[in-house]
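Next up: a single chain in structure tokens, the form predicted alone.
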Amino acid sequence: MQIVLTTFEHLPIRVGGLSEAATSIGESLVKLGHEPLVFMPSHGIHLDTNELKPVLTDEFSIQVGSDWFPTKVYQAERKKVKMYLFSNPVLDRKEVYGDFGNQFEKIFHFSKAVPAFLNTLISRNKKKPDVFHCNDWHGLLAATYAKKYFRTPFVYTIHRLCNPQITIQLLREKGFSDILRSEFMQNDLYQLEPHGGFECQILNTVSLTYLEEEWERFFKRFEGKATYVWNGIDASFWDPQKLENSKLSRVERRKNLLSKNGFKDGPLFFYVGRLDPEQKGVDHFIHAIEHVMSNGTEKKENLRFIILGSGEKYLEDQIHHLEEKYPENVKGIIGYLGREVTREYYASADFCVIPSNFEPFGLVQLEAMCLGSIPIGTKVGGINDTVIDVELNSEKGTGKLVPPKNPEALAKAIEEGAKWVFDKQDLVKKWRENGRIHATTEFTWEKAAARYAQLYQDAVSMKISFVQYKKPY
């Protein structure tokens, strides 16, 4: 099959998890014998990247509003995946998202450029793509045009519901009146995600639990076409054999890492991610640390907490306050250390804390399990789908799940984890081994791509509101 993948992120452009997902889906589809074509705004990468060597493949002009814009398409290839980068003064802006004004302008230009280029591509190849796969809402208008002009079915994957709304007046001014539907007009705003749910052939999200959590609010409206495909993990990178000190024991690695951070040895709890109270719940982790250190376990003086990330200033300040209050126990690293360094932290930490309020899929828990760090996560979205709670299944367990937005429950799990390190070393070793095996066998991009291939052919299981299923593992 030839599959067009629209996305605003793809390596070498990376803002969040969408980049890894879109990149890995394409690479895995190639391995399965399919032909993915990535369509993406250039974001200027054809001007200065050393990783890609794009070549000009097409030129045309598009009308956006009352103006015409000369537009170019550059072709590149990355790991056998063909990429088409759409370029004009708007699409070349380096800020991938920015404010809504910048996003909408890029969306408008991208949405007109895609069907224009599809005309050329179809004429050149004497065939049209089999399916159009839209990753998140930025490509929905483009996918709608592909459906309108070329009768190409499209799949819409929601990596996270965002509820984007564009004024109807602006959409009309920019020339999109022909594809708007009155049922998605609310006051003066147009609802893009419901539009996509209606127009697509298959509506997909990235975990079963997230589909169920958002069922009543969103997905139920499109029952009969709503399903899920779990994301995967690049186990070749999150590999213990690629550590700088792979021959050392885990305890030795932990002791060395803690020493570099100015700590004595002790059970290490690690957080990595955005300092974001809306989704990531790091504020609950901060409160849990305070609870443990002020009221908790008798061995609390031995506990070590490292928080790595950046985001809201007030959360950074709270972390610094914890550092000052508990200098022997807490350290905040504000910033981004890179994937290779993060890998070393996973491979040294006893536990990785994922306190998310919601998480469509999430990769941290899988990355942690690949490196033997036991996840302590909230029972939401993909965390719930990927972590097997040791309290419910000690034999196959890989981590600990707690209710979201509950610092007391999180604190209790931290205290239990500390006791496990001291008193249940054989079980802890088994859970670490379970985690590596579970992550690298159940959640591969090859499995995800195989399910996507079924999905493109409309041959995949659907969510049925009157049926409940257990996890398949």
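These figures come from a predicted structure and were not determined experimentally. A residue's number is simply how far along the shown sequence it sits, counting from 1.
The protein also exists as the form predicted in complex with a small molecule; that form is not presented, and the subsequent description refers to it.
Though only this chain appears here, would residue 191 touch the small molecule in the model of the complex if you measure heavy atom gaps against 4.5 Å? Contact with the small molecule, no.
Interface membership of residue 144, the small molecule in the model of the complex, 4.5 Å heavy atom rule: Taking the distances in the model of the complex, the answer for residue 144 is no, it never comes within 4.5 Å of the small molecule.
Applying a 4.5 Å heavy atom distance criterion, does residue 18 contact the small molecule in the model of the complex? Residue 18: contacts the small molecule in the model of the complex.
4.5 Å heavy atom contact, residue 279 to the small molecule in the model of the complex: Although the small molecule is absent here, residue 279 would touch it in the model of the complex, with heavy atoms inside 4.5 Å.
Considering non-hydrogen atoms and a 4.5 Å limit, which listed residue (300, 225, 160, 287) is close to the small molecule in the model of the complex? The option sitting close enough to the partner is 160.
Just to confirm, with a 4.5 Å cut-off on non-hydrogen atoms, which of 375, 355, 360, 129 contacts the small molecule in the model of the complex? Only one option qualifies, and that one is 360.
Residue stretch of 175-183, 81-89, 111-119, 152-160 approaching the small molecule in the model of the complex, non-hydrogen atom distance within 4.5 Å: Looking at the other structure, the answer is 152-160.
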